[in-house]
Ligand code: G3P
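What follows is one chain in structure tokens, specifically the form predicted alone.
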Amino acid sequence: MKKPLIIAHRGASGYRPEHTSASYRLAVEQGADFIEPDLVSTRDGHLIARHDNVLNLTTDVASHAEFADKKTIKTVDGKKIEGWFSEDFTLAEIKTLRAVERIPELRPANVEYDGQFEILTLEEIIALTQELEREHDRTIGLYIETKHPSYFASLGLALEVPLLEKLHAVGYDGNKAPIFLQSFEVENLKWLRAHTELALIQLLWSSGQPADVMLRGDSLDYDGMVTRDGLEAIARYANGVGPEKSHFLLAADDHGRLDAKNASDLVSNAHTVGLDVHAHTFRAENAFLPDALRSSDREDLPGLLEQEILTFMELGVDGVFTDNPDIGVQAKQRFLVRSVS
């Protein structure tokens, strides 16, 4: 039996500010199989780990008076946003910033780490991963997301070529490498398929359309992509899908408990056409859990995340993205025990 993967979503981001060395390091210590960096570009073409190109969401850029004039309004993937943007900063300027917690109202304990960690480049993440592999004497995978790829391509800062160059240069090549490349968009995955054998994952948001599809006026949407026909189309260019949890239509039973029998046929349909299924995103706070698994009305307090992950594993998913890798590992252990008993 193939063991489900524990993918540390932005590292152990439930316990440390996301995409920091501390977050990635803790994730490995907790037993994650993969760490997940999201990549955006700087003005001078360096790939850095941020969930968004909007720097004020996760850095202290707003407190840097020297960058006050870089604050602006842009339209990214059809949405108007005000802030500071990675593509307006050189790497040298980025290195003067420090990471902060994205959701302090739900993760106040993480705030104590604000300002302690610099923003990492892809090269630094690869070096850290290799260091952690030596320390823990095991393979640690990289699960890399290209963020806003068509937007960056429109600026002359396409992510795919430098990404592949850096990965191939250090030996990450071929379909056996411990690498997944993922995107919510479609065309950049098709381009990657033509230029690498590394495993590709089509991410599927809960609603709406891939940004590149929307901007060119096509009708394809995420709901259509999780149908049998949609999955067959994805299988022509990707190795798996990463659906948001709601696509599984997982419902509570008559006793208010989540039951793997009350779900869609997404997993079986994906497996039939040869796609792996990596579900996202699993977080411990009540704010992110279904009513059946909340511990109280306090949104910042932890609920029954282990039970949620275990239920999805019983559905047959091949991996889970989680902000809490330690809880994911506990659920995996319970699942494997149940599977052999």
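Position 1 is the first residue in the sequence shown; the rest follow in order. A quick note: this is a predicted structure, and the numbers were derived from the prediction, not measured.
If you look for the form predicted together with this ligand, you will not find it shown, but the lines that follow are about it.
His46: touches this ligand in the predicted complex, heavy atom cutoff 4.5 angstroms: Heavy-atom contact with this ligand at 4.5 Å: absent for His46.
I'd like to know whether Arg16 contacts this ligand in the predicted complex, with contact meaning heavy atoms within 4.5 angstroms. It does not: once this ligand is placed as it appears in the predicted complex, Arg16 has no heavy atom within 4.5 Å of it.
Can any non-hydrogen atom of Glu145 be found within 4.5 angstroms of this ligand in the predicted complex? Yes, Glu145 is a contact residue.
So in the predicted complex, is this ligand close enough to Ala199 to count as touching (4.5 Å, heavy atoms)? So Ala199 does not count as contacting this ligand.
Candidate from Glu285, Glu308, Asp38, Asp276 lying within 4.5 Å of this ligand in the predicted complex - any heavy atom: After the contact test, the surviving option is Asp38.
Note which of Asn110, Asn188, Gln209, Gln182 lies within 4.5 Å of this ligand in the predicted complex, where distance is taken over heavy atoms; exactly one does. Contact with this ligand in the predicted complex is made by Gln182 alone.
Segment that reaches this ligand in the predicted complex - one of 310-318, 65-73, 292-300, 276-284, heavy atoms within 4.5 Å: Going through the listed ranges, the match is 276-284.
Select from 7-36 the residues with a non-hydrogen atom within 4.5 Å of this ligand in the predicted complex and write them out in sequence order. Residues within 4.5 Å: His9, Arg10, Glu36.
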